[in-house]
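Before any questions on binding or motion, here is one chain by itself as structure tokens, the form predicted alone.
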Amino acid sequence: MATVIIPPTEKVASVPKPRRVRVWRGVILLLALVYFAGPMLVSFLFTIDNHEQGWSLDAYGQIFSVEGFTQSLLLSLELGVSTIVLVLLLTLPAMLAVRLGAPRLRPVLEVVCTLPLVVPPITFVAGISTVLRWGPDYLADSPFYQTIIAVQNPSFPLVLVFAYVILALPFAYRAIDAGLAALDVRTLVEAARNLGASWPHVMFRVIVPNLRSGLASAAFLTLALVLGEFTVAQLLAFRTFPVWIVTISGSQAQVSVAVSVFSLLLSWLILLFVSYAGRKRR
């Protein structure tokens, strides 16, 4: 009986496909670069243009010596940190409780947290002003009178913290919700509880480390909102960092623009720091 030998199949060398040049990607990136970096470059050129001395960086040297710079910046940073803490204390436990105990209430929580997006800031601050004017007249004989006065303390206006918490809710909710969507929260909580962990232990040793990236994003968005918010602080007559920049723009235009560029760079540095702090450990 003859043996049939089948020759091994030869591998056909795959011909590499010619790489297509994505011209449209480069065009979009170039347009995005011009859109974002163009105004900043023009602002920088305005701050260093001196008709008498030519190009000069004197405007940046005057930033820290201008009256009110340190006080307004520290006030905005304090308001930002307080707002971040309060926003996280409100949103994270509420979102966990809804996911674990009442999933049907999730759309309700989403609507409540995103509702500030549809309310114009001018309308929002008009309502706050009305309440602050109404309080001292009608609460003079009650213990709430001192509360109304205390929340308007110029050195640290708590009323701005409460207002910023409401304005930051949509951004914090979306950031935390994206982080929770990437986790199996129910399994993590049940496993930790079965091992005897208390609820504070579950929150700070199980949930928070796995949500580090989402919490960092929520914190940065909240801080960026506080450092750039002007309408509420201006109409309530508090001198935060954005209000101070607009105040000095009339008398020292170059310095005010230099401060704006400086604040933008500061926001980027904070973003890099938050991104580094929010990375998960290997």
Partner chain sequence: MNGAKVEFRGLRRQFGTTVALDGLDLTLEPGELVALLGPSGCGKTTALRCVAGFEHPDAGAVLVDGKDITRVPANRRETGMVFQSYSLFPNLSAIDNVGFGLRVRRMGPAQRRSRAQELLELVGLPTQGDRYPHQLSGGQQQRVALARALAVEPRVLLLDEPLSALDAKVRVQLREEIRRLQLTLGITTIFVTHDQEEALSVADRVAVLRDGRLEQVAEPPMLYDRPATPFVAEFVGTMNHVPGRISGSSVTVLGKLLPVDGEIPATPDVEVLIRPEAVLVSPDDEGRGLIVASSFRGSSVRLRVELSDGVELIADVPGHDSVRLAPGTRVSVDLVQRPVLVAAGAPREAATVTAEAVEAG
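Residue numbers count along the first chain shown, from 1. A quick note: this is a predicted structure, and the numbers were derived from the prediction, not measured.
Below, we refer to the form predicted in complex with the partner chain, which is not included among the displayed structures.
Screening 87 to 95, 73 to 81, 202 to 210, 171 to 179 for residues having heavy atoms within 4.5 Å of the partner chain in the predicted bound form returns a single hit, 202 to 210.
None of the heavy atoms of L117 is located within 4.5 Å of the partner chain in the predicted bound form.
The shortest heavy atom separation between A197 and the partner chain in the predicted bound form is within 4.5 Å. Although the partner is absent here, R106 sits far enough away that none of its heavy atoms falls within 4.5 Å of the partner chain in the predicted bound form. Although the partner is absent here, E110 is not a contact residue: none of its heavy atoms lies within 4.5 angstroms of the partner chain in the predicted bound form. Taking Q146, T123, T187, S155 one by one, only a single residue has any non-hydrogen atom within 4.5 Å of the partner chain in the predicted bound form, and it is T187. None of I166, L132, A191, V151 but one reaches within 4.5 angstroms of the partner chain in the predicted bound form through a heavy atom, and that residue is A191.
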